[in-house]
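Next comes just one chain, in structure tokens: the form predicted alone.
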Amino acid sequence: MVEQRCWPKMDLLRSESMQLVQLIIPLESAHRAISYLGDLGLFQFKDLNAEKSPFQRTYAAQIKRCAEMARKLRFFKEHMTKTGMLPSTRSAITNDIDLDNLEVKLGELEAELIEINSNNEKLEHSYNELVEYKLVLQKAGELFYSAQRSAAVQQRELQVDNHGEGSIDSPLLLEQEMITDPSKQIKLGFVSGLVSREKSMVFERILFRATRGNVFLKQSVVENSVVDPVSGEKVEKNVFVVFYSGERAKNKILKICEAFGANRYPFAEDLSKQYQMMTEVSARLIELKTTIDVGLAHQSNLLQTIGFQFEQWNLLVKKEKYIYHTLNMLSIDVTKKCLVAEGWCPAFATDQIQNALRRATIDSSSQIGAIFQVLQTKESPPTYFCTNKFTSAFQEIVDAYGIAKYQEANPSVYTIITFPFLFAVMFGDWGHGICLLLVTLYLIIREKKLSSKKLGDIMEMTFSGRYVIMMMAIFSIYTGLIYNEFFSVPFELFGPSAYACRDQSCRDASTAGLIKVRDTYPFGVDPKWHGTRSELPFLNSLKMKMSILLGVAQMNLGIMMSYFNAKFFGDKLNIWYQFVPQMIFLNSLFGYLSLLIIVKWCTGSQADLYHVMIYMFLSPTDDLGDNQLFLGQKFLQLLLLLSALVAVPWMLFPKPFLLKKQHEERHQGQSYALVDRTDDPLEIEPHYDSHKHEEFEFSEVFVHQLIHTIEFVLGAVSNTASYLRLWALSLAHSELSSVFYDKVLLLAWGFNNTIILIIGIIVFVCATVGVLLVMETLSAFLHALRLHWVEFQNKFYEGDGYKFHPFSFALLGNEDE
């Protein structure tokens, strides 16, 4: 629900009185007037240019400008997020920011940031290339050095063998010539670089196949990950050196390196050149590192400067875009000097809106003031309830079913009490209620901090419904005290039990039962009932009958609300031919059942209520016998049965014929006064429009009334039975709690072992929190929700209205671009 400041007395039963208003605003003060109305947040604009596309509207260029500035701000926010910065929430608020100056400033900052990023990317690219080059120089140098050393060792061994005597192991003549004559040795070329370790095996295989084995490949593993200059990501790589012979082999190798994304780097065989290149690369790396650090510091300072004003700039751009969107909904006067606006506002806000328009005229130095005039209309106004942080959550529960029709009775007035109470009937345990209350008190105490944070979806819903859960917890403590259950354990809180054993040893307690020795336990269920043989039958009977009483009471409240609706809208047909027969039918059957339950409780009678209700229909004239609870019961049952039978045709037949008669009289011009029966045209319902009188179909009206009658008659039975879920869920909650206590906690206690006891306590806590405090809470919440939406609200609530969505800057803080 829209939470606004409410100047009049808050009244949730009927929505605020609304009026359709026309505003004629001079062009020079239009922007400021819309801005002040946005600050006020009590005016809903109608789109007077619905037939035009967004690009054909007057302020399309300004919206485009705002969208471009919003894009730049998102660009800044992305970079702040990447660097781990957050926009400052304590930015200096200055009211002299001009949109044109802001546009220029954002453009300059964007250009500067793009230039810094571009330079940093180039420097990072060069730095990563030099890091790879240094690795190639190190690893390839090690390969060449080890190869030269092993070649020198082999050459010395051959020379030693040549000076000795010839043997079968001596090299052949050709080999000797090649060794002794350097001019006849073959000169090999090589390519060095880095390749991804994942691709190294495939790279080697492809090289071998492409050159038919006429290459020699050496690889060396790089221990740490390397930032790839192209992708900018950390990759595990290997340094490779490929030796080849011939230009064709070289071309193939170069193409394969490109295909595999292998970065190639030059390498000199001469040791002095290698040392010189290594020195140059190391010096260049130090210089680049220093330059990159300076660039990042400059970028950080720039982003800090932006972050300090970011929230203020962002809010300004959002406001301007919102204002221009609203201005596009206004139509231009024929003189092209004024803008005409139409929209809805609460009647109590008339003075505030007029003051805002006058202030806009003065601040913009306009010669002409804005005109405020109320329009007469038959259009149905939007529904607006003025709520606060406590009532808004309950209003959202009702709105999820349907938005109330204009000035229809609002169920949330009663939901504030009945919803948590019906929940507590199913969840009655004052131990569990205290746990829920502690959680919600934490959320309420820290609501200022938590409301500014981004919570998860489930936590967000829990936080928004914190006051609903608080009421549920308070009522659960109350019903838990009535049921006398604290984690299923009874306590003698309000005095000693009224029952005791027949003797001190209590040996006959399981056979002869207990006797009453004191006055009745003053509040709730006597603790002695717990753990006895008759506990379940007694509690079943109590909770089942209590569920019926609560259900009939709430359904009667719903029908009573339909009377107040009909009286408010001046609909006498609904009072006499809907409200009266519905009350008669419901209370002739289930109101009478509720009376029997109360009489049986008060008198202690052993009468069978099932037998009484069944034979009230099957054999209404038979003698009641032992099932008679009071004098005149038989006559009363006959009277109520006849009343219920009369109520059905009373609901079905008169209303369609009377509607037909009204239509015919209106069509003949005999009762025009019915159309203009009120001075306020907003109270005329849309279905009384003159165009619809011509389309009156008696058959459709009769079938609709027939469906409504059948639905109510069958619903009276099914809805009453539906309230038995209060008994079923209360029993399930109690039994689950008892099982966890008896079979987990007491069982672990009986072993006299500390470890088993600790494990038992942990299991008990986890089961209580997971099953009873989470799953059972959700289950009882959903069942209470169904009882309100279906069993209660369908008696009177139409819910076919539409919500009041005012033009308000207060909503901008919750919107993401």
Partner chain sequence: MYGFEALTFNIHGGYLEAIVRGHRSGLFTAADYNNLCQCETLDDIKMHLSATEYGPYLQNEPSPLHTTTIVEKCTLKLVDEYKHMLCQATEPLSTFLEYCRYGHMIDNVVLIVTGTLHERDVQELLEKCHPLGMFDSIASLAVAQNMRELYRLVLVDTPLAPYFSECITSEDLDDMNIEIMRNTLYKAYLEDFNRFCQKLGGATAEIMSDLLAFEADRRAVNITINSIGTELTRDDRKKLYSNFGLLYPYGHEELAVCEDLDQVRGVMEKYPPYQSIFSRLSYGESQLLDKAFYEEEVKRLCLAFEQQFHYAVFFAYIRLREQEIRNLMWISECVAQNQKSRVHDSVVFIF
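Positions refer to the first chain, counted from 1. The structure presented is a predicted model; accordingly, all values stated were derived computationally and were not measured.
FYI, the form predicted in complex with its partner chain isn't displayed, but the following is about it.
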- request: Could you tell me which stretch in 757-765, 780-788, 48-56, 25-33 has residues with non-hydrogen atoms within 4.5 Å of its partner chain in the predicted complex?
  value: 48-56
message: Using a 4.5 Å heavy atom cut-off, which residue among R74, R156, R518, K661 comes into contact with its partner chain in the predicted complex?
response: R74
field: Single option in A748, L772, L40, I63 placed near its partner chain in the predicted complex, where near means a heavy atom within 4.5 Å
entry: I63
task: Answer for F260 alone: is it within 4.5 Å of its partner chain in the predicted complex, judged on heavy atom distances?
output: yes
field: Interface membership of K273, its partner chain in the predicted complex, 4.5 Å heavy atom rule
entry: no
message: Against its partner chain in the predicted complex, would I206 count as a contact residue? Criterion: heavy atoms within 4.5 Å.
response: yes
query: Using 4.5 Å between non-hydrogen atoms, is K634 touching its partner chain in the predicted complex?
result: no
task: Select from 238-258 the residues with a non-hydrogen atom within 4.5 Å of its partner chain in the predicted complex and write them out in sequence order.
output: K252, K255, I256, E258
